[in-house]
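Listed next as structure tokens is one chain, alone, in the form predicted alone.
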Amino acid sequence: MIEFNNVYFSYKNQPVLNDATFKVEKGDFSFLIGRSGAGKSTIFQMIYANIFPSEGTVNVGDYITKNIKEKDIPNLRRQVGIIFQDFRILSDRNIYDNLAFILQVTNAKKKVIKKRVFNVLSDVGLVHRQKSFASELSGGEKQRIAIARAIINDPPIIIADEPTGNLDPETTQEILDILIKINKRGTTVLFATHNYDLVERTDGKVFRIKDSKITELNTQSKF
């Protein structure tokens, strides 16, 4: 579902990725670990075609981003649900309208929107919060809404960029459990984190970015 082949990328003449190669298979639950500033967000931006490698290729589903036409980028992005650390919930509308907006831009019918919003809020346990505004939610609730938004179009891939970075341990586990549940339904998940304890107690592939390179770690001795 996601494949980086010999990818190079620099920012302000500083190498971020140097011959980076890794593959996330369909249905995998994978972690991407590394210190802050190592390049995890750069990798994610390449996955949704916000930036492009200077050399090498990035494959996402059926797309090769190096050759993608501008008109096809929205179609690629519909294949990828994105969960950000900072939630990015619109403050001027309630939770129902935040989620409905994602489907409205695809011209979905009102009946479809209502059903789909109810289903994703059920998935994250927040149906009772659909009329609330972001300012009324806890950090954990905001992140669960961010997950609901990421899955509302039923994408085959979810990428989560430090989704538990600002949360307490109990809430962190709740968020992880929701993503594991979504993965078990067949969705491919790539979860970026620097919380190594979280990784150690979870089954899944582990890729580490260090010194501009990506290595898959042995599950018996991950770090």
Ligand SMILES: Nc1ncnc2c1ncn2[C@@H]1O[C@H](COP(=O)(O)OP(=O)(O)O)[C@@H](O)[C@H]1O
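Residue numbers run from 1 along the displayed sequence. In this text the structure is predicted, and so the values were computed from the model without any measurement.
Absent from the display: the form predicted in complex with this ligand. The rest refers to it.
This chain lacks the partner; the member of T171, N195, N183, T42 within 4.5 angstroms of this ligand in the model of the complex by a non-hydrogen atom is T42. Of the heavy atoms in R35, some are within 4.5 Å of this ligand in the model of the complex. At a distance threshold of 4.5 angstroms between non-hydrogen atoms, V24 is out of contact with this ligand in the model of the complex. Using a 4.5 Å cutoff between non-hydrogen atoms, V16 counts as a contact of this ligand in the model of the complex.
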